[in-house]
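Only one chain is included here, represented as structure tokens and corresponding to the form predicted alone.
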Amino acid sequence: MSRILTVAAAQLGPIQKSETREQVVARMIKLMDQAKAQQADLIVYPELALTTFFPRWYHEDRAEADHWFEASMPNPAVQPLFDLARHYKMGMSFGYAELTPEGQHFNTSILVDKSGAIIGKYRKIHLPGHVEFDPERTHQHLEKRYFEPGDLGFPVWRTMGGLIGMCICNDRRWPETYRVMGLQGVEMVLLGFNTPSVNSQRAGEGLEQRLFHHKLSLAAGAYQNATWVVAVAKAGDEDGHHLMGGTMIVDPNGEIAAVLDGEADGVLVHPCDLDATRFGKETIFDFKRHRRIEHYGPITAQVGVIEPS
């Protein structure tokens, strides 16, 4: 038997500082219309899908960045997107900057089921970048200034006929991200990202190498946990700062199943057989038979490197 979940990876082109939430949501709705025309069951948008990638700008008073955050979800600006998803009976995931009632700031993604209800929330754990302005960098990457590390772990939800988890951007580079979800039987990981085309601390690392590391991270996570990975970019030139593309869907063997070319708004629709995860989970990555946790202590006992004496 096959359990087919047809997924639309909905890439967004650049979002400029001047664009409103309503303008961005109108673009997202057009992509949802295209996904529906291709009979998608689930649409996945990128990290910080409602705004430009604002952590590239430094504010001495970090509260000056609060206008980029959403204090409620859904809110009036995004309600039309929820309404259309409910009308289409289409699941949905997208990222945004979350401001909690307690005043906490998170880089967040949500999972919405086919009834339009938010059933899952993930807050980015592996925050890259730095806290203070760094004159040595070619551009600023201030996620550690504007966000707190996620506090919800890496949950997995049973929905839409399968086991679905989420992570965000830099999380994809850390094997622990996938393994924690893999230990919950995850069958599909939804990943939104906004990745600069140039490393701010290593100018020689250009687009080709960054795309190589992107694909490598996705393939390793997918293969080593026998899961689909749906990776969705926000791409293009945002007010003079370029974000790379790389929207793709990776299968449970770690092979790239589909790729979206270019840096503009677009959808990549692919039928994903969730039962294709079973072979890997029942053979080489049958965790119950093969894992040896008595030897893994340092993974959770320490943060930095401790060299042998």
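One rule holds for the numbers: they count along the sequence shown, beginning at 1. Nothing here was measured: the structure is a model prediction, and the numbers come from that model.
Although it is not shown, the form predicted in complex with a small molecule is what the next lines describe.
Taking the partner from the other structure, the small molecule in the model of the complex has no heavy atom within 4.5 Å of any heavy atom of residue 238. Although the partner is absent here, residue 210 lies within 4.5 Å of the small molecule in the model of the complex, judged by heavy atoms. Mapping the unseen interface onto this chain, residue 172 counts among the residues with a heavy atom inside 4.5 Å of the small molecule in the model of the complex.
Within this chain, residue 141 lines the site of the small molecule in the model of the complex, having a heavy atom no more than 4.5 Å away. Only one of 229 to 237, 92 to 100, 152 to 160, 124 to 132 lies within 4.5 Å of the small molecule in the model of the complex by heavy atoms, and it is 124 to 132.
Exactly one listed residue, out of 120, 196, 80, 116, brings a non-hydrogen atom to within 4.5 Å of the small molecule in the model of the complex: 196.
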